[in-house]
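Let's start with one chain on its own, the form predicted alone, as structure tokens.
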């Protein structure tokens, strides 16, 4: 089969020469056996002198060539050559010719422009032909009644419902397990009452308050709650001066040291200073609680 194809491939080349040195050879994928709508692949091998070049504007552009033939694609590929220059012009045609019998159709030629130091010269690529074949309907055996041409529908494929049910149940179980793990990690009910998640509970409670107008009583209550959470974590009362010892005993909160120091400074200002609560104090307390909650989950 390969030998036959090679023989057919080599049988088609058409050579032409424009000027004295530039040449073009046409090769088609196969010379016959095309039906309406088929793509026809071919390429043109072009050889020229070392100082020659091809004018890009002279290359064929995709589009209709005849009423029943389109050029779908055109691509120029430079090829390394020991002498002179060589290109391969890839062409893809599509035929819409509705043939009533086996016959040849003509592929139109075109003219390339070869640029040389002495001036431009035309290189003609001649027309060539391929064989097309008709599409014929399958004629069934003549029947007495029209209903005799009909055939019953085929049986629908059987779908394995049990396998789908098993996969659905496995995916549902995996999803439920993932949700439980996330809820436990985020201290979402029913895991919110775990003592080790006291900062998470406080951060969740303070979240809605930080976006409301300032309320001095709520700010003081939030600050006391955060103090109680820190004390409960340490197992004793923690003052500002105790912060280094608290971080040494609970190193998971060390990355939040800056936030803790801001919180204790704020606490001293509100509890022992004469300053009133500001609008952004609740947001600061909530931010400290969130920072501690993140470190609490990392433990």
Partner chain sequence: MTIDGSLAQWRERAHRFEQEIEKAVIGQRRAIRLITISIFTRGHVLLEGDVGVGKTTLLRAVSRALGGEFVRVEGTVDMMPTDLLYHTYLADDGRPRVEPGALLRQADRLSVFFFNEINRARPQVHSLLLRLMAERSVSAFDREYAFPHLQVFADRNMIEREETFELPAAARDRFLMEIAVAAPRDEETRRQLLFDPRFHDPDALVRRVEPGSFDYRAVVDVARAIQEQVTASEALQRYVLRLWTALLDPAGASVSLPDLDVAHLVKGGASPRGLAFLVAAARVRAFLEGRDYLVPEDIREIFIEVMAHRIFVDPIYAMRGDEPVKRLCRAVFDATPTP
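Treat the numbers as computed from the prediction; the structure is a model and nothing was measured. Numbering follows the first chain given and starts at 1.
Form predicted in complex with its partner chain: not shown, discussed below.
- Remark: residue 55 does not count among the residues lining its partner chain in the predicted complex, judged by a heavy atom distance of 4.5 Å or less.
- Of the heavy atoms in residue 224, some are within 4.5 Å of its partner chain in the predicted complex.
- In the predicted complex, at least one heavy atom of residue 240 sits within 4.5 Å of a heavy atom of its partner chain.
- Its partner chain is not drawn, but in the predicted complex it has no heavy atom within 4.5 Å of residue 29.
- Taking 49, 231, 45, 38 one by one, only a single residue has any non-hydrogen atom within 4.5 Å of its partner chain in the predicted complex, and it is 231.
- Here is the short version: of 273, 244, 63, 251, the single residue with a heavy atom within 4.5 Å of its partner chain in the predicted complex is 273.
- Figure note: of the listed segments 30-38, 252-260, 232-240, 63-71, the one touching its partner chain in the predicted complex, with heavy atoms no more than 4.5 Å away, is 232-240.
- Contacts between 85-123 and its partner chain, taken as any heavy atom within 4.5 Å in the predicted complex, involve no residue at all.
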